[in-house]
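Listed next as structure tokens is one chain, alone, in the form predicted on its own.
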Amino acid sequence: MNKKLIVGNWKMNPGTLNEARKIARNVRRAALTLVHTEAIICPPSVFLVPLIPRKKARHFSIGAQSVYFAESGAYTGLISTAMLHDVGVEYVIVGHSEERQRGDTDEMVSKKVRAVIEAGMTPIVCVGESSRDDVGATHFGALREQIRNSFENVPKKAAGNIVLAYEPVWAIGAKDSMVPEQIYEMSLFVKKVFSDVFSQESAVKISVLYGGAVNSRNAADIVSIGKVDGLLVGRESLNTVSFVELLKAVDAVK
């Protein structure tokens, strides 16, 4: 069984380094009690260096929210994979819906995935339909194309270094998440498309996360009934008490 991954995407929060240190410290402390789960926090890039542990922490890692695929050059404000790897980043979120909305194409996502893997880090690749059509089920076709295009030209041998995060855009920030049974259906579909791109063996081994209105109250059901390998958590990851409760609830799932 894959180790369960709980990824906290802080987005453009919190407002100060002191707040960031406090959250990270509490999560790192809670991670010491975990058995089957890895806690990954993804703070804003300006907080990465001061938050990365000086030595490897038990069940706790630091990830980046974004990266650019070029090695260097005239790209004002952007960060390369080499820079992230050099300071100790282990995971990188790639293809988040907010970045796609700001202009990232599937082709750019594919380039970022390759760059992250080549730099020795693990990409957490976000995919998800913008709307859901239960009658015509057109969302399946849209999601299939997004996955295929986002991994175009990614070497098949790299499949084992990828984490997939299924995050339906319409569920982000919603009052409620998808019901676990729907999440299970979509996780199977995502793995099927991944197997078409890479191989059936790769699809069996890959970790699939779910993101979208995740909290400490629904996390265990999403993982157990939805049969996913972890969660991508947004605003709840900034609430230390709730996020620690979420970590413990997921870790207790057999």
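Position 1 is the first residue in the sequence shown; the rest follow in order. All values derive from a computational prediction rather than experimental measurement.
The form predicted together with 1,3-dihydroxyacetonephosphate exists for this protein as well; it is not shown, and the discussion that follows is about that form.
Not displayed here, 1,3-dihydroxyacetonephosphate is approached by A171 to within 4.5 Å at the level of heavy atoms in the predicted complex. Mapping the unseen interface onto this chain, E90 falls outside it, with no heavy atom inside 4.5 Å of 1,3-dihydroxyacetonephosphate in the predicted complex.
Contact annotation: E98 falls within 4.5 Å of 1,3-dihydroxyacetonephosphate in the predicted complex, judged by heavy atom distances. Interface residue remark: V67 is not counted as part of the site for 1,3-dihydroxyacetonephosphate in the predicted complex, having no heavy atom within 4.5 Å. The partner is absent here; in the predicted complex, the one residue of V214, A31, V190, L48 having a heavy atom within 4.5 Å of 1,3-dihydroxyacetonephosphate is V214. With the partner omitted here, the stretch from 56-64, 35-43, 225-233, 194-202 that lies within 4.5 Å of 1,3-dihydroxyacetonephosphate by heavy atoms in the predicted complex is 225-233.
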